[in-house]
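Form predicted alone, single chain, as structure tokens, below.
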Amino acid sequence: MSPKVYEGQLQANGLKFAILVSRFNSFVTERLLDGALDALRRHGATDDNIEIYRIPGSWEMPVAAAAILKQKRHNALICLGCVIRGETPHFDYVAGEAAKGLGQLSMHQGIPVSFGVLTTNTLEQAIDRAGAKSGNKGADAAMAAIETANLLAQIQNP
């Protein structure tokens, strides 16, 4: 006899998603949003089950994410942003606190928060990760959200 294996499926039918997208570096984040929407739709999500929330930047994401998660209306939250390293330590604070805040929220709320916030050294790296050479990390974040939401449903209703 083999052990029982639980694994999330890439099936978004009937699941509800919130997407929190940063306007800062919008030329990158809009491409991430396009990738996330495409991935959700390709896996069965309907536009009626997708809500998009726009936020000024990645720093503001945790507080907005907390308000969205508190509603308990979504199966997963997809966070999309872009922080590009500059000449000061500002990058480290913004990227680190956004990641820490969103990670803590996911654990405390029990709802998957997919981290699609690019943290790159250069603009070229960001563009590569938003649909150019390195695929689209927005699509990757959406697929992780779908799979994790499905896995949590299995864990909560064995």
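The shown structure was predicted, so the numbers you read here are calculated from the model rather than taken from an experiment. The first residue of the shown sequence is 1; numbering continues from there.
Missing here is the form predicted together with a small molecule; even so, the following discussion is about that form.
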Just one of 102 to 110, 65 to 73, 50 to 58, 127 to 135 has residues with a heavy atom within 4.5 Å of the small molecule in the model of the complex, so point it out. 50 to 58
Taking any heavy atom pair closer than or equal to 4.5 Å as contact, tell me whether L77 reaches the small molecule in the model of the complex. no
Can you check whether V94 is within 4.5 Å of the small molecule in the model of the complex, heavy atom basis? yes
Quick check on N25: any heavy atom within 4.5 Å of the small molecule in the model of the complex? yes
Distance check, R42 to the small molecule in the model of the complex, heavy atom within 4.5 Å: no
